[in-house]
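Next up: just one chain, as structure tokens, the form predicted on its own.
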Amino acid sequence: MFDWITFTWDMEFALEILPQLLRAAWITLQATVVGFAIAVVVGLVLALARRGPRIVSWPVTFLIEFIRSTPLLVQLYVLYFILPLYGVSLSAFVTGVIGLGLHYGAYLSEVYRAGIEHVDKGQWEAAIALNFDRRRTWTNIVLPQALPPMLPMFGNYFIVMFKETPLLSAITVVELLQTAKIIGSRTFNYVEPYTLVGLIFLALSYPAALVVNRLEARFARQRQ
């Protein structure tokens, strides 16, 4: 025979803690947006450096693979607990967004690389024929054509990053999940805070997933 556990839902308690969870959700969103902005810049820099001379591209390639092959949690621990031993001390939030940015920047560099390689060679030849310098070639011809097909992948990584922000609690960032843990440990009621956390993540990530799906469908029609 199985023992059935009855879960009770206290609506009054859920409404009481909801404002606190929503404030924590704002911190989670801030960490995601700032971290992703860093990742977009870092990814582009890494992708361009990888196309440089071997003396630059080889170390950059190793760095990308190293970041992609090690867990984000370990990287956060290194940034927050080990770097201060060498005089680099940052707040938990700043460390968290930098960690997210570097980690996902390595992944976005591959997205950039694929998008850049997708640009037809004739476009590069046209830039040479028009006597464009390197900067104008990239800003006027290559990136405007490479970026639109990347947007769905960018959106997917943004959603994944949003769902991985609870890892920041490991370095004392009081984000959404950490707030739920604190509420649970203080009140010994875990059903309401954790359920609300799941619903908040769903409410924020599901519309973003729909936008990404529409972008993917749109670019798929354009390629036909």
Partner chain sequence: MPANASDPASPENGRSDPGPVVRFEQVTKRFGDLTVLDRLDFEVAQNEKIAIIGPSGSGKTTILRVLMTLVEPNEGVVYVDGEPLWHKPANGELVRADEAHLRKVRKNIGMVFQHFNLFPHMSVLRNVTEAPIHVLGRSRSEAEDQALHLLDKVGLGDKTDQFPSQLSGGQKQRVAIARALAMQPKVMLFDEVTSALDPELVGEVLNILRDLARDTEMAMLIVTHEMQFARDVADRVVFFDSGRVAEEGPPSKIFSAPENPRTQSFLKAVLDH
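Note that the coordinates shown come from a computational prediction; the quantities given were computed from them, not determined experimentally. Positions refer to the first chain, counted from 1.
Only in words, not in the display: the form predicted together with its partner chain, which the text now covers.
- Although the partner is absent here, Ile128 is a contact residue: one of its heavy atoms lies within 4.5 angstroms of its partner chain in the predicted complex.
- Using a 4.5 Å cutoff between non-hydrogen atoms, Gln75 does not count as a contact of its partner chain in the predicted complex.
- At a distance threshold of 4.5 angstroms between non-hydrogen atoms, Ser89 is out of contact with its partner chain in the predicted complex.
- Using a 4.5 angstroms threshold between heavy atoms, Ile141 counts as touching its partner chain in the predicted complex.
- Heavy atoms within 4.5 Å of its partner chain in the predicted complex belong, among the stretches 98 to 106, 80 to 88, 67 to 75, 130 to 138, to residues of 130 to 138.
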